[in-house]
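One chain follows as structure tokens, the form predicted on its own.
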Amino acid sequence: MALVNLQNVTYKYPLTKTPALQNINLQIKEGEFVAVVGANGAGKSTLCYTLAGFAPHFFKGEMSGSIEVAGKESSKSTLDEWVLNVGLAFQNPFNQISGAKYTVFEEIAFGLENIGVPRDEMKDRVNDALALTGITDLADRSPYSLSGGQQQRVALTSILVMQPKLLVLDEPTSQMDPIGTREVFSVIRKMAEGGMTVVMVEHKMEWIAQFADRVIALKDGSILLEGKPGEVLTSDVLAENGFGISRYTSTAREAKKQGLWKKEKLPVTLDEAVEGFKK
């Protein structure tokens, strides 16, 4: 049974003429890791805001269709009820740090304080979340003394500690180096395997191919293509519609024209490319 169910969802921001999302139909199973790709303005962030209840509850605007998460209907829930099931990490971590706490530990505990989690349980959950995302050494630092990548990890940890049923991530590794990106993807994959459902907006195709269960390609607010990462990310449809593709996919596509790529399937990752050119 689907944990997330969107039926004919269309959303338009206030004072705009064109919908940011148009007739979105989407079902996501519990424990599934879904990546969302698309150009700027495709509707990726709006989809995140819609899943998280910010559209239309916070941004207002016009919404039609049905949005269900964990059996609850968005239009029949308040935002403070909705966020108990859905956690959203923004693209810019500066927008998520509360400004009310002096240390990373306190910042991550802030959400648990607001819902009345007992003190001993709160400490255990914060320590576990810090260890999971690899930032235990930052616990006593000020959130504002950190690099952008470190702040992104803090923002992600502050959502994970709440243990939402649906985790929505809007480019959570945009300010991270390759090592940090791999570590965060590994953490998110582990959370999905533990039963948490994940929707992630991301541009890093190689990492998506390695870790996601399914990819959704958005264009002009509509779903252009969806399926398994290896199929969607190498599709001619993406190339024809101006999507960014993996450097390994584009290299192999050119090699195929010259008869140098013999495999039927194009690569997305370095390992796939190396294996294909060996043969």
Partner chain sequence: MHERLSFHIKRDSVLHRLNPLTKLTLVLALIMVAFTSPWYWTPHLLFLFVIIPLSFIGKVFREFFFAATRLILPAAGFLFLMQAFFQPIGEHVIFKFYFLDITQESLMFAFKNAMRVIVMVSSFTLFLLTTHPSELMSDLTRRGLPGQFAYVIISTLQILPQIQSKSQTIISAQRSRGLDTEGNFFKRAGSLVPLVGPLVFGSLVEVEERAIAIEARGFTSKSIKTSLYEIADTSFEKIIRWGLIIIIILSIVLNIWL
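Residue numbers count along the first chain shown, from 1. Computed from a predicted model, the values in this text were never measured in an experiment.
Heads up, the form predicted together with its partner chain isn't pictured, but that's what we're talking about next.
This chain appears without its partner; in the predicted bound form, the one residue of 199, 159, 135, 188 with a heavy atom within 4.5 Å of its partner chain is 159. When contacts are judged by a 4.5 Å heavy atom cut-off, residue 179 does not count as touching its partner chain in the predicted bound form.
In the predicted bound form, its partner chain sits within 4.5 Å of a heavy atom belonging to residue 109.
Remark: residue 49 counts among the residues lining its partner chain in the predicted bound form, judged by a heavy atom distance of 4.5 Å or less. In the predicted bound form, its partner chain lies within 4.5 Å of some heavy atom of residue 90. Stretch 117-125 is the contacting one of 190-198, 204-212, 67-75, 117-125, since its residues have non-hydrogen atoms within 4.5 Å of its partner chain in the predicted bound form. Residues of 140-166 lying near its partner chain in the predicted bound form, listed in sequence order, are 141, 142, 144, 145, 158, 159, 162, the criterion being any heavy atom within 4.5 Å.
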